[in-house]
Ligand SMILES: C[S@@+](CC[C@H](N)C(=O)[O-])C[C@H]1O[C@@H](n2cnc3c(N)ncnc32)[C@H](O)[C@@H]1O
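Presented below, as structure tokens, is a lone chain in the form predicted alone.
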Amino acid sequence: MRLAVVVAREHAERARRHLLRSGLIDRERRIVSRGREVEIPVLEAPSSLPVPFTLVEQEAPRFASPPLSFERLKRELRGVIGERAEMLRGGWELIGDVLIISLPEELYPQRREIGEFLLRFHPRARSVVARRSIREELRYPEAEVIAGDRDTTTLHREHGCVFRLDPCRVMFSAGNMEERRRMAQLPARDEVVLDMFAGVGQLSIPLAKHASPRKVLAIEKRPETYGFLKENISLNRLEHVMEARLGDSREVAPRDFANRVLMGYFFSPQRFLPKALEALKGGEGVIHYHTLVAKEALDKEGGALVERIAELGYKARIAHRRIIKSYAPKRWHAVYDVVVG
């Protein structure tokens, strides 16, 4: 969906400056004049403007340059590193103004050349980061700045929420965008929600901001990530509904507490399942269980999860399951919505 703010021509410059300061202008599209009105392309809906406006979905956007694509990137990168550009796989992630790309080992010696090219290629990139892997237990990314500003702390805006983070120091995946959108649309009005692995608030903040829960308790084990979590609760003005708690969820999560539990950590989540069940109020509620699974085993994995919950003394059924994104060859990051009780 390509959104645009429509304002009267006499208000266009004031609106443009406000949107520019807010980081909301989509630089890939041109500002379009249509009669006495002006369409200003935006990345997402602004919460307010100092002039009257309407929000529309553009029917005929005009692009400032050819639309960005991974194929175009590789095609133009051939002019820098030749046919080796075809070794690139997996696209890129843009988190705030930090562009993240995965480089195969064969291209790592040319990372500086590739980074400088990407900085020119993407109009919104301030830094370019090569990411290699995520250390499992504390979800610490192994990454290196290969071009641009070495301070990679950024503001990422999405679905009316803002996240301050450093993608070189904490985990945040642009590929989980649709799951964050889904959290904002859950039927969680007046519920008490426990987020066992909150990170910077990537799942619980959209839920807290848009789904009208009564309370959200967000637990994070890693102190640096916890600092960003607390800051993001404040940036989104959610102090009245969200509480951040530092520690291991197996030790600090309350019992008999929540109507809904988020388990957004997919490395061996079964270790934390007993605690998630204990946290449900009266042993009933919904658990959003994230895991890694072979695509062909999606249904089988759901059945095994229900059996595991039964072994722990609870009745359960899978209400919904979906693949979030590819994680590795033939491995998928999936989520199961489990109704317990």
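None of the values given here were measured: they were computed from a predicted structure. In this text, residue numbers run from 1 along the sequence as written.
One more form of this protein should be noted, the form predicted together with the ligand, which is absent from this view; the next part is about it.
You can rule out all but one of 218-226, 155-163, 112-120, 71-79: in the predicted complex, only 218-226 has residues with a heavy atom within 4.5 Å of the ligand.
In the predicted complex, at least one heavy atom of M196 sits within 4.5 Å of the ligand. When contacts are judged by a 4.5 Å heavy atom cut-off, Q202 counts as touching the ligand in the predicted complex. The ligand in the predicted complex is not approached by S102, whose heavy atoms all lie more than 4.5 angstroms from it. With a 4.5 Å cutoff on heavy atoms, P213 does not count as touching the ligand in the predicted complex; it lies far away. A heavy atom within 4.5 Å of the ligand in the predicted complex is found for exactly one of P167, G264, G96, P206: G264. Think of it this way: in the predicted complex, the ligand has a heavy atom of just one of L88, M171, A143, L186 within 4.5 Å, and the residue is M171.
Residues from 172-189 that approach the ligand in the predicted complex with a non-hydrogen atom within 4.5 Å are limited to N176.
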